[in-house]
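Only one chain comes next, encoded as structure tokens, the form predicted alone.
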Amino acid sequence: MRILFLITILSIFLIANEIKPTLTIYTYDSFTSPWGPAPKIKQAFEKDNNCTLKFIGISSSIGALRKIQLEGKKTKADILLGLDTSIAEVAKDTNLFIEHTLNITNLNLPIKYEDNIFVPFDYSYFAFVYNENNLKNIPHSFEDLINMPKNFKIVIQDPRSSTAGLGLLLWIKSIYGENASNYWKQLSPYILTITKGWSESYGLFLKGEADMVLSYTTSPAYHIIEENLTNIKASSFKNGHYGQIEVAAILKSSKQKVLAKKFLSFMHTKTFADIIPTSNWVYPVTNISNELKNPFKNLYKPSHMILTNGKIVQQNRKDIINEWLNAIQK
């Protein structure tokens, strides 16, 4: 009788676990890392929704989109998280995503944002980050960059695989227009290497391989909060700073659409907002707790966000990338 009772209890436990829904999210690898937002987000969302939240990290969000495209209707992804507004229009053309029903007009963003498919969850500004202990002559414009000593080196990301890399192309294009190709030719000798994603390039910078790395104005917050170091800085550029708003969307093929919609709503809660700043090291799109505001208050924050309309990016992305490739290869 006792054995039968134990078997019954075990069966109930197994059945309960079998019927617990799993929500799968494809995103970039730094988001899913042990120090990234995913572990805390997973814990909080599972607690409130009696589900299993599964994050799958790819080298970049663009890589995650490509993985979904290759998998087609057989993809395990319910949500794609981590694209930004510069590449979201390209993702829309795949016709793989459904419309959301959230009100996103009153979010805490530096610019007006409206979209019926992609929902924003955080933002920051691109910047060149440096170690003030190692670099004394700080460039404060793109012109300054190409007038640095010949041994000065930067690390950037590939625009074909990285949203940050694409952001730099759009940043330079927004400033130099038709002269962007000429600028890239002048900048090319200062580029140590071009990495596939942000993690690799930032790692090279931290190892001292390069003087500056393309990152974010909010990147120094990590070193301040986690390492109690204030020597990592983001250079303020007179030309202004290009912005990045990261977004998420639900796959048409998802079998967990109700749960997926709950997750998109969860991205705008105080719980999510308090996780993002000290794990993804950017600003959430809703207000954070007072205790988290102080380190971010002291960071350099541009007065406005440069951001090219996504539809314009979609129409010109291939040409801009080809222009860049031709310039740096000559």
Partner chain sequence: MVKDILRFKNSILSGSLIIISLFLFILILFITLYNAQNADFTIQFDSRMYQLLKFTIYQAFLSTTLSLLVGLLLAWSLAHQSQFKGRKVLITLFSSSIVLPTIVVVFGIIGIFGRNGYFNQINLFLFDISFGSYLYGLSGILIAHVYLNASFAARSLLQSFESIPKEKYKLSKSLNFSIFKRFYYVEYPAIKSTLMSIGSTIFLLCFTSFAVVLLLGGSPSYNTLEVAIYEAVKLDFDITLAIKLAFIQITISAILVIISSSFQIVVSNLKASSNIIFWKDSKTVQLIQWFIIIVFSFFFILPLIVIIIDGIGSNFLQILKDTLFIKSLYTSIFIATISSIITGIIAIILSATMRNFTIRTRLSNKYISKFLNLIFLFFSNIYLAVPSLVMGLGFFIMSQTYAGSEFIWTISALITANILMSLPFAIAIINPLMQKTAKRYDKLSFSLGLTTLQRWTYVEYPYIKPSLGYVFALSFCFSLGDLGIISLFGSDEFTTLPWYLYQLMGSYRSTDAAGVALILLILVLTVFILLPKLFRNKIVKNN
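Residue numbers count along the first chain shown, from 1. For clarity, every value in this text was computed on a predicted model and none was experimentally measured.
Unshown form predicted together with its partner chain; subsequent notes refer to it.
**Student:** Exactly one of R66, K301, K262, K42 has a non-hydrogen atom within 4.5 Å of its partner chain in the predicted bound form; which residue is it?
**Tutor:** Only one option qualifies, and that one is R66.
**Student:** Of the residues Y130, Y183, F97, Y202, which one places a heavy atom within 4.5 Å of its partner chain in the predicted bound form?
**Tutor:** Among Y130, Y183, F97, Y202, a heavy atom within 4.5 Å of its partner chain in the predicted bound form occurs only for Y202.
**Student:** Name the stretch: of 244-252, 67-75, 139-147, 109-117, exactly one has residues whose heavy atoms fall within 4.5 Å of its partner chain in the predicted bound form.
**Tutor:** Of the stretches listed, the one contacting the partner is 67-75.
**Student:** G177: heavy atom within 4.5 Å of its partner chain in the predicted bound form?
**Tutor:** No - in the predicted bound form, heavy atoms of G177 and its partner chain never come within 4.5 Å of each other.
**Student:** K311: heavy atom within 4.5 Å of its partner chain in the predicted bound form?
**Tutor:** Although its partner chain is absent here, K311 would stay clear of it in the predicted bound form, with no heavy atoms inside 4.5 Å.
**Student:** Can any non-hydrogen atom of F121 be found within 4.5 angstroms of its partner chain in the predicted bound form?
**Tutor:** No, no contact at 4.5 Å.
**Student:** If you check in the predicted bound form, is F266 within 4.5 Å of its partner chain, heavy atoms only?
**Tutor:** F266: no contact with its partner chain in the predicted bound form.
**Student:** Can you name the residues of 132-169 that have a non-hydrogen atom within 4.5 angstroms of its partner chain in the predicted bound form?
**Tutor:** Residues within 4.5 Å: N151, K153, D158, R160, S161.
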